[in-house]
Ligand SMILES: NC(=O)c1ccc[n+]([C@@H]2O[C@H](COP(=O)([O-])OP(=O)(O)OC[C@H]3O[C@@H](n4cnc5c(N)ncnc54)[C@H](OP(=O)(O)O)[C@@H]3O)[C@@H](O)[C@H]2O)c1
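Just one chain is shown here, as C-alpha coordinates, and it is the form predicted alone.
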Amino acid sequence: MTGATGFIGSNLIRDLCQTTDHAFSIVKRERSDTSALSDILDKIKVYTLDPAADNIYEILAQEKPDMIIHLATLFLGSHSRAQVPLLVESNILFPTKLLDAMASSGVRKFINTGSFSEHWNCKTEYDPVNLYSSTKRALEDILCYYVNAHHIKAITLKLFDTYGPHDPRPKIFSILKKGLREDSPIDLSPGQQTIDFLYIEDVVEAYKKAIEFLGKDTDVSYETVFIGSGQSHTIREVVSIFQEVAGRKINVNWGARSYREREIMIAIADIRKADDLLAWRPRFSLKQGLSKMMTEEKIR
(Lines give C-alpha, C1' and ligand atoms only; values in the text may rest on other atoms or scores of the structure.)
Protein backbone atom coordinates (compact mmCIF):
# COMPACT_ATOMS: atom_id res chain seq x y z
CA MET A 1 0.00 0.00 0.00
CA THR A 2 1.07 3.56 -0.71
CA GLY A 3 -0.35 6.43 1.31
CA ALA A 4 -0.80 4.24 4.39
CA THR A 5 0.24 7.04 6.74
CA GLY A 6 -2.64 9.26 5.58
CA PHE A 7 -6.16 9.42 6.98
CA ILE A 8 -7.81 6.98 4.58
CA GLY A 9 -4.79 4.71 4.26
CA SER A 10 -4.22 4.33 8.00
CA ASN A 11 -7.88 3.50 8.60
CA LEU A 12 -7.90 1.00 5.74
CA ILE A 13 -4.74 -0.89 6.64
CA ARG A 14 -5.73 -1.03 10.31
CA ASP A 15 -9.07 -2.59 9.38
CA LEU A 16 -7.42 -5.05 6.98
CA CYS A 17 -4.90 -6.10 9.64
CA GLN A 18 -7.73 -6.73 12.08
CA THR A 19 -10.14 -8.51 9.74
CA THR A 20 -7.97 -10.51 7.32
CA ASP A 21 -5.06 -12.92 7.44
CA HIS A 22 -3.12 -11.23 4.65
CA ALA A 23 0.39 -9.87 5.11
CA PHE A 24 0.80 -6.17 4.38
CA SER A 25 3.70 -3.98 3.35
CA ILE A 26 3.73 -0.23 2.93
CA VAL A 27 6.05 2.13 1.11
CA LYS A 28 6.55 5.64 2.42
CA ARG A 29 8.69 8.71 1.96
CA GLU A 30 11.54 9.42 4.38
CA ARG A 31 9.61 12.37 5.84
CA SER A 32 6.30 10.51 6.28
CA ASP A 33 4.95 10.42 9.83
CA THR A 34 3.97 6.88 10.86
CA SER A 35 2.35 7.89 14.17
CA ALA A 36 -1.11 7.11 12.81
CA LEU A 37 0.06 3.49 12.46
CA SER A 38 1.79 3.20 15.83
CA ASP A 39 -0.60 0.49 17.05
CA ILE A 40 -0.07 -1.78 14.03
CA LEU A 41 3.54 -1.14 13.00
CA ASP A 42 4.50 -4.53 14.41
CA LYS A 43 2.02 -6.17 12.03
CA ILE A 44 3.20 -4.63 8.76
CA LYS A 45 6.46 -4.36 6.84
CA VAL A 46 7.61 -0.80 6.19
CA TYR A 47 9.79 0.22 3.24
CA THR A 48 11.23 3.72 2.88
CA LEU A 49 11.54 5.11 -0.64
CA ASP A 50 14.74 6.79 -1.75
CA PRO A 51 14.40 10.46 -2.79
CA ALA A 52 13.68 9.56 -6.44
CA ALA A 53 11.59 6.49 -5.50
CA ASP A 54 13.76 4.40 -7.81
CA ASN A 55 14.05 1.63 -5.22
CA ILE A 56 10.37 0.81 -5.78
CA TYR A 57 11.62 -1.61 -8.46
CA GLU A 58 13.74 -3.51 -5.92
CA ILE A 59 10.98 -3.43 -3.30
CA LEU A 60 8.39 -5.01 -5.62
CA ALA A 61 10.90 -7.51 -7.00
CA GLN A 62 11.54 -8.63 -3.43
CA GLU A 63 7.97 -8.57 -2.15
CA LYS A 64 6.04 -9.68 -5.26
CA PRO A 65 2.72 -8.73 -3.67
CA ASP A 66 -0.60 -10.05 -4.91
CA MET A 67 -2.00 -6.52 -5.17
CA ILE A 68 -1.10 -2.84 -4.89
CA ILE A 69 -3.44 -0.33 -3.22
CA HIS A 70 -2.40 3.16 -4.28
CA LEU A 71 -3.58 5.94 -1.97
CA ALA A 72 -0.56 8.26 -1.91
CA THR A 73 -1.27 11.68 -3.37
CA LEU A 74 -0.46 15.36 -3.10
CA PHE A 75 -3.65 17.40 -2.95
CA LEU A 76 -3.52 21.10 -3.72
CA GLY A 77 -6.77 22.96 -4.31
CA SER A 78 -4.75 25.66 -6.03
CA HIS A 79 -1.08 25.75 -6.86
CA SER A 80 1.85 28.09 -7.25
CA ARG A 81 4.48 27.90 -9.96
CA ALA A 82 6.90 26.26 -7.54
CA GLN A 83 4.38 23.52 -6.73
CA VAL A 84 3.91 22.27 -10.29
CA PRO A 85 6.89 19.87 -10.12
CA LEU A 86 5.65 18.55 -6.76
CA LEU A 87 2.23 17.71 -8.18
CA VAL A 88 3.73 16.00 -11.22
CA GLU A 89 6.28 14.06 -9.15
CA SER A 90 3.81 12.91 -6.50
CA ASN A 91 0.72 12.22 -8.62
CA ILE A 92 2.21 11.15 -11.98
CA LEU A 93 5.92 10.29 -11.85
CA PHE A 94 5.96 8.16 -8.69
CA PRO A 95 2.84 6.10 -9.49
CA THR A 96 4.11 5.58 -13.04
CA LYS A 97 7.29 4.12 -11.59
CA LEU A 98 5.09 2.00 -9.34
CA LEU A 99 3.15 0.65 -12.32
CA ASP A 100 6.35 0.04 -14.27
CA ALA A 101 7.81 -1.84 -11.31
CA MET A 102 4.62 -3.91 -11.17
CA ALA A 103 4.98 -4.80 -14.84
CA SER A 104 8.61 -5.88 -14.45
CA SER A 105 7.91 -7.87 -11.26
CA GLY A 106 4.81 -9.67 -12.47
CA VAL A 107 2.41 -7.92 -10.10
CA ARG A 108 -0.93 -7.75 -11.88
CA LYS A 109 -3.57 -6.21 -9.60
CA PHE A 110 -3.87 -2.50 -8.85
CA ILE A 111 -6.38 -0.38 -6.95
CA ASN A 112 -6.04 3.28 -7.89
CA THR A 113 -7.57 6.30 -6.18
CA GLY A 114 -9.11 9.03 -8.29
CA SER A 115 -11.16 12.10 -7.47
CA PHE A 116 -14.65 13.37 -8.23
CA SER A 117 -12.97 16.71 -8.94
CA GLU A 118 -11.99 15.31 -12.34
CA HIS A 119 -15.61 16.05 -13.27
CA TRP A 120 -16.47 19.65 -12.40
CA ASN A 121 -20.03 19.95 -11.08
CA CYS A 122 -20.52 16.21 -11.62
CA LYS A 123 -20.27 16.37 -15.40
CA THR A 124 -20.16 13.00 -17.11
CA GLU A 125 -17.24 14.08 -19.26
CA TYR A 126 -13.76 14.91 -18.00
CA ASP A 127 -13.55 18.53 -16.83
CA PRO A 128 -10.83 19.01 -14.18
CA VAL A 129 -11.46 21.48 -11.39
CA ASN A 130 -7.76 22.20 -10.89
CA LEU A 131 -4.27 20.98 -11.78
CA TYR A 132 -4.48 18.34 -9.05
CA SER A 133 -7.51 16.86 -10.83
CA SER A 134 -5.59 16.84 -14.10
CA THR A 135 -2.72 14.88 -12.56
CA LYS A 136 -5.17 12.28 -11.29
CA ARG A 137 -6.60 11.89 -14.79
CA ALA A 138 -3.12 11.74 -16.30
CA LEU A 139 -2.31 8.75 -14.14
CA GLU A 140 -5.50 7.03 -15.25
CA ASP A 141 -4.43 7.47 -18.88
CA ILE A 142 -1.01 6.01 -18.06
CA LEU A 143 -2.67 3.16 -16.17
CA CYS A 144 -4.59 2.25 -19.33
CA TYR A 145 -1.28 1.56 -21.08
CA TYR A 146 -0.17 -0.86 -18.38
CA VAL A 147 -3.59 -2.52 -18.36
CA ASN A 148 -3.48 -3.09 -22.12
CA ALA A 149 0.23 -3.80 -22.62
CA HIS A 150 1.08 -5.64 -19.42
CA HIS A 151 -2.27 -7.24 -18.53
CA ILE A 152 -2.62 -5.46 -15.22
CA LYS A 153 -6.13 -5.76 -13.81
CA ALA A 154 -7.14 -2.48 -12.21
CA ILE A 155 -9.92 -0.43 -10.73
CA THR A 156 -9.99 3.30 -9.97
CA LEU A 157 -12.18 4.43 -7.09
CA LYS A 158 -13.11 8.08 -7.63
CA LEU A 159 -13.74 9.36 -4.13
CA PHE A 160 -16.04 12.16 -3.08
CA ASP A 161 -15.39 14.06 0.17
CA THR A 162 -14.50 11.84 3.11
CA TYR A 163 -14.52 12.43 6.87
CA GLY A 164 -14.28 10.64 10.19
CA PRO A 165 -12.79 10.67 13.69
CA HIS A 166 -9.36 12.23 14.19
CA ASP A 167 -9.09 13.44 10.61
CA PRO A 168 -6.05 15.79 10.53
CA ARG A 169 -6.88 17.28 7.15
CA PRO A 170 -7.94 20.97 7.10
CA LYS A 171 -11.49 20.35 5.88
CA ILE A 172 -14.91 21.74 6.83
CA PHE A 173 -15.38 19.59 9.94
CA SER A 174 -11.99 20.63 11.28
CA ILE A 175 -13.14 24.23 10.98
CA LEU A 176 -16.47 23.52 12.67
CA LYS A 177 -14.82 21.59 15.52
CA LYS A 178 -12.43 24.50 16.06
CA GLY A 179 -15.44 26.82 16.25
CA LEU A 180 -16.93 24.63 18.98
CA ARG A 181 -13.69 24.31 20.95
CA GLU A 182 -12.84 27.98 20.89
CA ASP A 183 -16.41 29.28 20.93
CA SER A 184 -15.31 31.77 18.31
CA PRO A 185 -16.90 32.88 15.02
CA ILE A 186 -15.79 31.16 11.83
CA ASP A 187 -15.77 32.61 8.33
CA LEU A 188 -17.39 30.56 5.58
CA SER A 189 -18.54 31.08 1.98
CA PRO A 190 -22.20 31.91 1.26
CA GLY A 191 -22.73 28.16 1.73
CA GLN A 192 -24.88 27.26 -1.26
CA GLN A 193 -22.44 24.76 -2.78
CA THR A 194 -23.40 21.13 -2.26
CA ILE A 195 -21.09 18.39 -1.01
CA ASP A 196 -21.35 14.60 -0.92
CA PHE A 197 -19.76 13.42 2.33
CA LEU A 198 -18.76 9.78 2.91
CA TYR A 199 -17.95 8.40 6.36
CA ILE A 200 -14.58 6.69 6.72
CA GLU A 201 -16.04 3.26 7.58
CA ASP A 202 -17.91 3.31 4.28
CA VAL A 203 -14.73 4.34 2.45
CA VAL A 204 -12.84 1.41 3.97
CA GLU A 205 -15.62 -0.98 2.98
CA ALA A 206 -15.48 0.28 -0.61
CA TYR A 207 -11.76 -0.57 -0.82
CA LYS A 208 -12.40 -3.99 0.69
CA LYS A 209 -15.05 -4.62 -1.96
CA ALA A 210 -12.56 -3.51 -4.63
CA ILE A 211 -10.04 -6.00 -3.25
CA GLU A 212 -12.67 -8.74 -3.53
CA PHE A 213 -13.50 -7.65 -7.08
CA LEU A 214 -9.89 -7.84 -8.25
CA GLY A 215 -9.57 -11.24 -6.64
CA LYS A 216 -12.35 -12.70 -8.78
CA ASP A 217 -11.73 -14.53 -12.04
CA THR A 218 -13.47 -12.16 -14.46
CA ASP A 219 -12.83 -10.81 -17.94
CA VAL A 220 -12.94 -7.23 -16.67
CA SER A 221 -9.53 -5.59 -17.03
CA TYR A 222 -10.20 -2.01 -15.93
CA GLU A 223 -13.09 -0.16 -14.32
CA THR A 224 -13.67 3.27 -12.78
CA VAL A 225 -16.25 3.62 -10.02
CA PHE A 226 -17.55 6.66 -8.17
CA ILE A 227 -17.56 6.25 -4.40
CA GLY A 228 -19.71 8.63 -2.36
CA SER A 229 -22.78 8.66 -0.18
CA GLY A 230 -25.17 9.38 -3.05
CA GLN A 231 -26.59 12.18 -0.91
CA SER A 232 -25.88 15.90 -1.32
CA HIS A 233 -26.03 18.69 1.27
CA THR A 234 -25.37 22.40 1.00
CA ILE A 235 -22.73 23.75 3.36
CA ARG A 236 -25.52 25.54 5.25
CA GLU A 237 -27.30 22.19 5.71
CA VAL A 238 -24.03 20.57 6.79
CA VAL A 239 -23.49 23.21 9.48
CA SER A 240 -27.08 22.77 10.66
CA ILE A 241 -26.69 18.98 10.96
CA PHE A 242 -23.34 19.39 12.71
CA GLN A 243 -24.90 21.78 15.25
CA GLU A 244 -27.83 19.43 15.80
CA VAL A 245 -25.54 16.50 16.56
CA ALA A 246 -23.22 18.61 18.73
CA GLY A 247 -26.14 20.15 20.60
CA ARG A 248 -24.52 23.54 20.35
CA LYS A 249 -24.63 26.54 18.05
CA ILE A 250 -21.68 27.87 16.07
CA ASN A 251 -21.27 31.52 15.20
CA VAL A 252 -20.84 31.51 11.41
CA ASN A 253 -20.06 34.55 9.28
CA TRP A 254 -21.76 33.45 6.08
CA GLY A 255 -20.24 35.01 2.97
CA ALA A 256 -17.09 36.19 4.75
CA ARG A 257 -15.15 34.00 2.33
CA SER A 258 -15.69 34.14 -1.41
CA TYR A 259 -16.29 31.05 -3.47
CA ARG A 260 -13.07 29.68 -4.90
CA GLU A 261 -12.26 29.87 -8.58
CA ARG A 262 -14.11 26.98 -10.25
CA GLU A 263 -15.89 26.20 -7.00
CA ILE A 264 -17.72 22.88 -7.19
CA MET A 265 -21.35 23.89 -6.69
CA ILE A 266 -22.88 20.48 -7.39
CA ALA A 267 -21.46 17.29 -5.91
CA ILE A 268 -23.41 14.06 -5.64
CA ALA A 269 -22.08 10.60 -6.43
CA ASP A 270 -23.82 8.27 -8.83
CA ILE A 271 -23.24 5.05 -6.90
CA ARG A 272 -25.26 2.70 -9.11
CA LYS A 273 -22.12 1.20 -10.66
CA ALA A 274 -20.56 0.71 -7.23
CA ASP A 275 -23.65 -1.26 -6.25
CA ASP A 276 -23.79 -3.27 -9.46
CA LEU A 277 -20.07 -4.02 -9.82
CA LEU A 278 -18.85 -4.15 -6.23
CA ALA A 279 -22.06 -4.85 -4.30
CA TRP A 280 -21.20 -1.78 -2.21
CA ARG A 281 -23.53 0.80 -0.76
CA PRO A 282 -22.85 3.30 2.03
CA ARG A 283 -24.31 2.54 5.46
CA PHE A 284 -24.03 5.89 7.21
CA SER A 285 -26.02 9.06 6.62
CA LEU A 286 -24.24 12.33 7.31
CA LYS A 287 -26.01 12.66 10.66
CA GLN A 288 -25.08 9.10 11.65
CA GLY A 289 -21.47 9.57 10.61
CA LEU A 290 -21.13 12.85 12.48
CA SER A 291 -22.66 11.26 15.56
CA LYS A 292 -20.10 8.43 15.47
CA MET A 293 -17.27 10.91 14.89
CA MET A 294 -18.29 13.17 17.77
CA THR A 295 -18.84 10.25 20.13
CA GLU A 296 -15.36 8.90 19.44
CA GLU A 297 -13.78 12.34 19.77
CA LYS A 298 -15.94 13.17 22.81
CA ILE A 299 -17.33 16.31 21.19
CA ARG A 300 -20.64 17.47 22.64
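Just so it is clear, the model here is predicted, and its values are computed rather than measured. Throughout, we count residues from 1 along the sequence that is shown.
Note that the form predicted together with this ligand isn't included here; everything after this is about it.
- This ligand in the model of the complex is approached by residue 49, whose closest heavy atom lies within 4.5 angstroms of it.
- Residue contact check for residue 181: none of its heavy atoms lie within 4.5 Å of this ligand in the model of the complex.
- Taking the partner from elsewhere, residue 9 is found to have a heavy atom lying within 4.5 Å of this ligand in the model of the complex.
- Contact check for residue 114: a heavy atom falls within 4.5 Å of this ligand in the model of the complex.
- Proximity to this ligand in the model of the complex, taken as a non-hydrogen atom within 4.5 angstroms, holds for one residue of 211, 122, 107, 159, which is 159.
- Among 166, 151, 216, 169, the residue placing a heavy atom within 4.5 Å of this ligand in the model of the complex is 169.
- Residues of just one listed stretch (184-192, 216-224, 132-140, 98-106) have heavy atoms within 4.5 Å of this ligand in the model of the complex: 132-140.
- Contact with this ligand in the model of the complex, defined as a heavy atom within 4.5 Å, is made by all three of 4, 29 and 94.
- If you take 236-250 and check each residue for a heavy atom within 4.5 Å of this ligand in the model of the complex, you get nothing at all.
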